[in-house]
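Given as structure tokens, the chain that follows is alone and in the form predicted alone.
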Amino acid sequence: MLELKNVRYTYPGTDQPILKNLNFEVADKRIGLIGANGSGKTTLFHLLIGLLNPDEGELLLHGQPVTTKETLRALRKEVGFLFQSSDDQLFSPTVIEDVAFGPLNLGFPPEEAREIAVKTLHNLGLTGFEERITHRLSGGEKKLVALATILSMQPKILLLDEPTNNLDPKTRSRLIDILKGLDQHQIIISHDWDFLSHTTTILYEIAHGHIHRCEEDHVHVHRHVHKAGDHPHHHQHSS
């Protein structure tokens, strides 16, 4: 459905590429993406959504290069991107305006766009939030509303960049349930290993400019108590 082919990308003003000869296709339904800070994970997402153009290589949607305004528009209809910070995604005065913005941009008339927004909020357990002032929401509420703005456009692929950042345990658990109930392809960047264990089935790692599927170490669930509380952690596990 979506593919990066032989992609190379270098940040402006630098000499060394952050991604080089990278090949990646969205084939599996629930993909986890890991890597050290600065390894290029978010850059990969920006390339997949067309926010960045590769120095070399190409982005393909259904096998066709994304090179024109028309193909980019088609890409944005099929791929939804949840930013790390919800404040970068929410800009309207009220929740209903933010969630209806996407359908309006897709050409739905105002009444139908509002109906879609109301239904999307209901499906996420956010009924009654329609007239809430966006900037007065809590961090967890903003995250769920930001997700609603994406789902209202009914994308086929979801890109989620560190979705559990600054979430309280209750909202984190709620987000897990929501994502597990969605039918879209999902690619999730996260350092939260327990979260990935609940939401993904395949794990990829970005390192040294390349991406590879993790074959030996795999995501798994641990249910035990840590004195420090519910913190992300990584346990080595042999196949």
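All residue numbers are counted from 1 along the displayed sequence. Bear in mind the structure is a predicted one, so any value in this text is a computation, not a measurement.
Beyond the structure shown, there is the form predicted in complex with a small molecule, which is absent from this document and is the topic of what follows.
Checklist entry - Tell me, which of Cys214, Ala36, Ala27, Leu51 has a heavy atom within 4.5 angstroms of the small molecule in the model of the complex? => result Residue within 4.5 Å of the partner: Ala36.
Checklist entry - Ok, Ser197, Gln184, Thr43, Thr171: which has a heavy atom sitting within 4.5 Å of the small molecule in the model of the complex? => result Of Ser197, Gln184, Thr43, Thr171, the residue with a heavy atom within 4.5 Å of the small molecule in the model of the complex is Thr43.
Next on the checklist: Contact check in the model of the complex: Tyr11, Thr14 and Glu162 versus the small molecule, with a cutoff of 4.5 Å between any heavy atoms. Do all three pass?
Outcome noted: Contact check passed for all of Tyr11, Thr14 and Glu162.
Next on the checklist: in the model of the complex, is there a heavy atom of the small molecule that lies within 4.5 Å of any heavy atom of Gln84, even though the partner is absent here?
Outcome noted: Yes, Gln84 is a contact residue.
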